[in-house]
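Given as structure tokens, the chain that follows is alone and in the form predicted on its own.
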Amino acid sequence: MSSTRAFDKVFTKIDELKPEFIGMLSKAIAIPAVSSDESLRPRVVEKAHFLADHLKKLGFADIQLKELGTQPPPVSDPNLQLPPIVLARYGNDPAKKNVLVYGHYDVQPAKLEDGWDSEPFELVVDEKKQVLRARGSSDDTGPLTGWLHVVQAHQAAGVELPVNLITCFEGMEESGSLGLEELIGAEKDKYFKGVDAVCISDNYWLGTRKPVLTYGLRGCNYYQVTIEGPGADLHSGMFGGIIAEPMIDLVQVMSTLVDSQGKILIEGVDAMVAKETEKEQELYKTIDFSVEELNAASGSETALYTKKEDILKHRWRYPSLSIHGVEGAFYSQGAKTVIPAKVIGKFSIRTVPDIDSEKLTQIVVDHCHAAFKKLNSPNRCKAELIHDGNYWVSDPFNAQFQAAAKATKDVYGVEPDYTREGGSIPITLTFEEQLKTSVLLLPMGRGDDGAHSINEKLDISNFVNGMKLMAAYLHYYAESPEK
């Protein structure tokens, strides 16, 4: 039987089992695995056990929940344990290629009062819009469970999985993948020995119409600036105007980082960026994207650029600085006249070739301290790196990518666009370097899924076709003469 007819049977089973797969996704999403919230750490661990139980039911073997130890500072609880890495195997045929699939089971924070149309941890199946709406639907619980559904669909179809599958599911991706890099290094000649390829489904189409294969990612350095002075929060009626207020100092410092047009104001950052080549310039011309799609994804007409090439370059190959929030300041409804004693400003820089993370951190810290010094404030200031993840660029013409391109043509009827992405998956480069193998980014969701925003969604068609894409990719890659 040809592989095409084999995975056609799998396709049929994916269609038939869609309600069951959505039901399992609903159960997974109901666990609020927010890794950045220390109070929810037990729920993150609960989700790891939920996945391990499901892997066992599917017949995976050698299932291990790898403990990673204590989470390093800054943390409120010095004994806070990192959530485990879920490792498992399906098949051990020495004649087959070994494919490691990576996903993360933790999610971004989400509350109904943030502006969601429904409870964020209750999956809504919107039949009218044909979408699945919930936190984690697209990032990354939907794609992660998709790999498990692919195995189940093969079993239901009576079709042998064409590769040996290894899972590596982590619970700290949204908080810097703490502990995973060390685990990969420790297991490269043990659990991960013999891995031929790594496939990650934790990114998105560029737009909403055309599937893509992603061969590059920006990195992400996350920083915080802490300014503190008074011994406790104070009443502005009693102390306003006579003490140095940390919040005022913080606003002044943060205003020196970036302007309203997105230009990074920290001297030395732009100088590290790799120069654009003519070959790279040609890639942008044929990609299907428009400013209208950008506006639709953002829900506004606030784009800083109007040309496709400018939008894509500033998303992919130029760094950006985003200010995310302030810890310690009053943010609820009402009119509380408090002077915060200590405030912490959060911001990140998306990095690109050839920015060196260590050098970047040094100039960022020096810049913040210099900006604070100019204020002549008696308060105290400390700028520091919270976590970093390097950028990654791969070869879009290797065996993995070509297998995925064939699979895309089978499932969607079109050739994929080859894209880079502005987001970060810090561990991608670690897999590539430690395991000495190639990494493929095979997206399930669309560019308008709102992964870190309110009303995150995954189109039902992308959920179903994404699983078919995963299945076909495994078959085509199994047939390829190269690794």
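Since the model is a prediction, treat every value here as computed from it, not as a measurement. One rule holds for the numbers: they count along the sequence shown, beginning at 1.
Beyond what is shown, the protein has a form predicted in complex with another copy of the chain; the following relates to that form.
Although the partner is absent here, K285 is not a contact residue: none of its heavy atoms lies within 4.5 angstroms of another copy of the chain in the predicted bound form. Contact check for V45: no non-hydrogen atom falls within 4.5 Å of another copy of the chain in the predicted bound form.
In the predicted bound form, another copy of the chain stays beyond 4.5 Å of every heavy atom belonging to V195. Remark: Y331 counts among the residues lining another copy of the chain in the predicted bound form, judged by a heavy atom distance of 4.5 Å or less. Stretch-level contact analysis of 344-352, 269-277, 121-129, 148-156 against another copy of the chain in the predicted bound form, using heavy atoms and a 4.5 Å limit, identifies 344-352. Highlighted residues P230, G240 and G423: every one comes within 4.5 Å of another copy of the chain in the predicted bound form, counting any heavy atom.
Though another copy of the chain is absent from this view, in the predicted bound form it lies within 4.5 Å of a heavy atom of just one residue from M247, A88, I184, A399, which is M247. Only one of N92, Q362, S300, Q281 lies close to another copy of the chain in the predicted bound form, with a heavy atom inside 4.5 Å, and it is S300.
In the predicted bound form, the residues of 319-339 lying within 4.5 Å of another copy of the chain by at least one heavy atom are, in order, S320, L321, S322, I323, H324, G325, V326, E327, G328, A329, F330, Y331, S332, Q333, G334, A335, K336, T337, V338, I339.
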